[in-house]
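What follows is a single chain, given as structure tokens, in the form predicted on its own.
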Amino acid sequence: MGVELMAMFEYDFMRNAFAAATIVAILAGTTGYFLVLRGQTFAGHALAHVGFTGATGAVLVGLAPLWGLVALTTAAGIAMGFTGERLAQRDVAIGLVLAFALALGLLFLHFYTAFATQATTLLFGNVLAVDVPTVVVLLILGTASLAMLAVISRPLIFASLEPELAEAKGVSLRLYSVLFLAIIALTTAECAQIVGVLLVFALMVGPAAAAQRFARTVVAGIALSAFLALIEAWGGITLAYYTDWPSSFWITALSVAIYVLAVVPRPVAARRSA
């Protein structure tokens, strides 16, 4: 069995896939934990759809899809951040932006129909098609994102758990909201390379939500979230290799399965103790 598993790494595309998935999974698991902690998962989902518009628009003007993803998601993340803590009460507005972003992306496809195949990849991802230059870009963006998150992590946790007290102590809620959502935007752009914009939610939110069920401290939760995201990404690619089913499907399926395992035992344990 071990020999069969190692046989995967004889192919360049598999080595690239695992390298890219490792970078993205660690980033997604780490930032996703803060996203769940702050109750901003819907905002993260909306950024993924905005990224689709950015990618299709970039191709329309002759640029690489990744740069369109990065540019528009970052701009949208910063704009959302400026709404501050009111963002949680703006689900309707975010939903409308989300729908319009997809519609705009569809309009761009109408003007450039030759992009249809790439559009499918953007929507659902294809980690097996990642090349070495893309891995390098993902590594640079991922390292920068994690470094930014490390710098703001302490005040961000304070602002997330005790916003009123943090503001009273002089912590700028709006500033850290802007910085955090800018990091989420970069994470979203990277995740789209692996699972596509429609399934980003699974890789960013699934492991983090499961980790919050198991871990008792924030540090342990972040570490567990990153670990679970890594297991899902590696497991998804491995299962895709042996079954010829899409890796995005397997990554999402594993994310859902782990979350269900994290949730189901609680009511059972409660009944037994009663």
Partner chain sequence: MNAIELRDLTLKLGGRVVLADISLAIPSGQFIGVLGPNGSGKTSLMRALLGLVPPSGGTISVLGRPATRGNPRIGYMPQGSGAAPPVARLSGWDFVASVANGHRLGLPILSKAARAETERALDLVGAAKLARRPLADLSGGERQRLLLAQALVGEPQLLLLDEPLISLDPHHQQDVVELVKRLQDELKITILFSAHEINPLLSAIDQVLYLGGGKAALGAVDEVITGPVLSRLYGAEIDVIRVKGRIFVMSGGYEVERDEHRHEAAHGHGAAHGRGAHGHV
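Residue numbers count along the first chain shown, from 1. Treat the numbers as computed from the prediction; the structure is a model and nothing was measured.
Heads up, the form predicted together with its partner chain isn't pictured, but that's what we're talking about next.
Figure note: of the listed segments 237 to 245, 217 to 225, 40 to 48, 64 to 72, the one touching its partner chain in the model of the complex, with heavy atoms no more than 4.5 Å away, is 217 to 225. F158 is the sole member of F158, F108, F124, F201 with a non-hydrogen atom lying within 4.5 angstroms of its partner chain in the model of the complex. Here is the short version: of V178, L141, V130, I152, the single residue with a heavy atom within 4.5 Å of its partner chain in the model of the complex is I152.
At a distance threshold of 4.5 angstroms between non-hydrogen atoms, V171 is in contact with its partner chain in the model of the complex. Though the partner is left out of this view, L165 does reach within 4.5 Å of its partner chain in the model of the complex, counting heavy atoms only.
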